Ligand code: ADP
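This document starts with one chain, in the form predicted on its own, laid out as structure tokens.
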């Protein structure tokens, strides 16, 4: 027996129409490179996205063709989020922080036909251009253009008023993003209309981000990385104001924007929030932020000390986990009723975990002997599946080192699940430290080191040891104007860990290398300290 429900395809075109017609007066604002603020409405965004779709179709872009963006977080990029899929094409966001040769590889692998880029990124594209073969380059922004580029505004001008959306299968591709390529060549993950709509609906629910028409959302997380965690789609679906910083990512610039636009939800990686925390600690009364402002934080583990620091400022961190392969949000940390009377320390401990799987997402922990118990202690590889989890990679398929025989994604994260369903990442498989036959989590040590009041950032890597094979080395950045010694850090850690886990070695640096998405770049640290030998 089948249901009597209508067959209604879930597509991003529905989200675009909903935003532009039901919430047409809500705001899309962004900072230009010169720091002036541009303000559009969702009605403007709908009109311009439809114009882009019509122009792409007129230019010969067909269903499934890839149209790339090389752009900061701004209004034209949001138009591309909707306008490219509205043409039946595939939005391919390019990571502007990669090396030109890596971007060129990705453009060629994806077979991009058209590229839309910000005018301030013309110098970057000049380095890429000789190595790719795209048909047209559209430039958003003012200023003169080289003879090989076209004006984005001229391209969309006068189009879209009578545009008719193509009939799309909800499983058709609407976007794609390449993995970071830290363990090999980047691989393409292709998102579908259905998976994107389901992801947007789910992250908007109360226990996730609690998005509503009354919110103002600041996306600091790059729109070129995993759809800015899917929040631009979810915010448009709910009619929330959307605010974008453009290329201005300094702590004071972001805090000014949060105050001016009355932001209620902001999203970014921990390194961004470390800068903001330091600025707030130095001048807590300078920025009149909305009390209770929520912050979605992901990309790497959030130190409990950071959660406590923002609580003191009346701001709330919601910790999550995800990957390019998971669209990307797979879990978020929220408290259950039984935590209400557990005490503040216990609540922070729960909030510092990577959280509960989102509805429709399944998780399991698999060790050498099979699936592990959900006891919060038994660690193994985190494996996931669900309607917005990729089942293969573009062109290369379902590689056995990335997918199990029964269809689960192998994340490469070492994690635990407890009886209440909370997942905690212990480490990446490649970042675990094996000392004297025992495993040490670099993530746990990093979070503890960053809990020291004089420490801004810290990363922990394995270095060779003559007796124990490997020992942890803590690479530390002190807060501006502060000093911390190796002895002080060791005493700080001995209060939290058994002696054999605590590093004997500490290196103090001015800055830590980071990936294009703000994570600590441990491959570079391991290279920098390749000849280092731990104290014997």
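The model shown is predicted, which means the values in this text are computed figures rather than measured ones. Residue numbers count along the first chain shown, from 1.
The discussion below concerns the form predicted together with the ligand, not included here.
- Looking at residue 301, you'd find a heavy atom of it within 4.5 angstroms of the ligand in the predicted complex.
- A residue is said to contact a partner when one of its heavy atoms sits within 4.5 Å of a partner heavy atom; residue 428 meets this definition for the ligand in the predicted complex.
- For the chain shown alone, residue 267 is not a contact residue for the ligand in the predicted complex, no non-hydrogen atom being within 4.5 angstroms.
- Contact annotation for residue 526: none of its heavy atoms lies within 4.5 Å of the ligand in the predicted complex.
- Note on the interface: of 317-325, 237-245, 259-267, 81-89, the segment with non-hydrogen atoms within 4.5 angstroms of the ligand in the predicted complex is 317-325.
- Scanning 74, 416, 195, 411 against the ligand in the predicted complex with a 4.5 Å heavy atom cut-off leaves one residue, 411.
- Of the listed positions (277, 202, 180, 372), a single one reaches within 4.5 angstroms of the ligand by any non-hydrogen atom in the predicted complex, namely 180.
- Within 4.5 angstroms of the ligand in the predicted complex, the stretch 206-232 places a non-hydrogen atom from 225 alone.
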